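Only one chain is included here, represented as structure tokens and corresponding to the form predicted on its own.
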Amino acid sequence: MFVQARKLSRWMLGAIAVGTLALAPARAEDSFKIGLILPMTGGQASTGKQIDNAIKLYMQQHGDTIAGKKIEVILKDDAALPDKTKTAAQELIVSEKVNAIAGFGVTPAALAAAPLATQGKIPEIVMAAGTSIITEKSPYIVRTSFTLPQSSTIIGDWAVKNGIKKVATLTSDYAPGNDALTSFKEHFAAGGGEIVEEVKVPLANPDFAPFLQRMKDAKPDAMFVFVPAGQGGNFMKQYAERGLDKAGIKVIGPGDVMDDDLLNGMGDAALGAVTAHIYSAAHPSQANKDFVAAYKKAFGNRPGFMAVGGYDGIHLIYEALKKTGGKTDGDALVAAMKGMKWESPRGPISIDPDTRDIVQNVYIRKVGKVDGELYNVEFETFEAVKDPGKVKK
């Protein structure tokens, strides 16, 4: 009787175990979760939408299973507010048990998440934010976007070599704007250029009109402008309303202000603007032509540089997962990402193994009409540009 009871209890335990396994969801190790934190609302919403679209496109093209892992993307809207970024990152890491966090539309957002990436020992893939110091804030940060000094130093050199002697500057008053301004001034002044007016505008909901009047009154040869992606359309509207285009004051700067996503709506006031940047929808490579065609077909509009940051960011995650053979350990993934090279729609890019920052071509472009539409047409290339701030170190 006792033996039979023992056999019965064993059978019951076995049945319960089988039932538990049958009811249990797929094991966490069979999936790879990416916590995507982006500004889907607010002033930087176009950044979030571009990146989200590009990731969806990449996954449609390359599938959602890599090295035996089902890729799952969990999107959180932080409206580019760092407090919301931090809350979202905490929820994703602690509750959702994500294997990586990605996105980060603005620098304060990327910095807010950095300590959490370090504590959680998971990769933080920065697909948008462009301040030089970001990758120094955690050994788990890897960037696929750009840094402001990469473009701002080059446009500073170009300006003085092309007869621009006096410049007024207008930059958003936060870390990327300061990066852009410092880098430009250093190179422009070194070539003999003069800054005749310098203004900083609020990051949130800026009214450019009063600042633009100061620019016009200073009578510069050109305006150096940095505003984050998404604000360029509003800036150019007010630039034209204040008559700066008719006064012959051209816009120069890093390419954020002439984002392809918004460029076509800026009107002829944008014609002739010269910027240094890492991507143009008019980039002539076959890889980019295919990317632009696929993006337009999927979403009805052209991609901008933020879309490319997202497209390359998800590519980096896929390739790192392949390289580790499906191993999801954060240290192994970051090690796999270091030194990685590939052909992006923007051109050849790589991840610097020492800084975990992106190395890429920077192009000088001029806004012109192509088949009746406005495009940033590239006319000069600077190859394999590292972040100048890190090069100095």
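Residue numbers run from 1 along the displayed sequence. Bear in mind the structure is a predicted one, so any value in this text is a computation, not a measurement.
Not pictured, yet referred to below: the form predicted in complex with P-hydroxybenzoic acid (PHB).
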Among Ala273, Val225, Ala320, Ala129, just one has a heavy atom within 4.5 Å of P-hydroxybenzoic acid (PHB) in the predicted bound form, namely Ala129
Quick one: from Met258, Ala100, Val167, Val106, grab the residue that has a heavy atom within 4.5 Å of P-hydroxybenzoic acid (PHB) in the predicted bound form. Val106
Is it true that Leu148, Pro176 and Ala229 each have at least one non-hydrogen atom within 4.5 Å of P-hydroxybenzoic acid (PHB) in the predicted bound form? yes
Pick from 212-220, 279-287, 298-306, 238-246: which stretch has a heavy atom within 4.5 Å of P-hydroxybenzoic acid (PHB) in the predicted bound form? 298-306
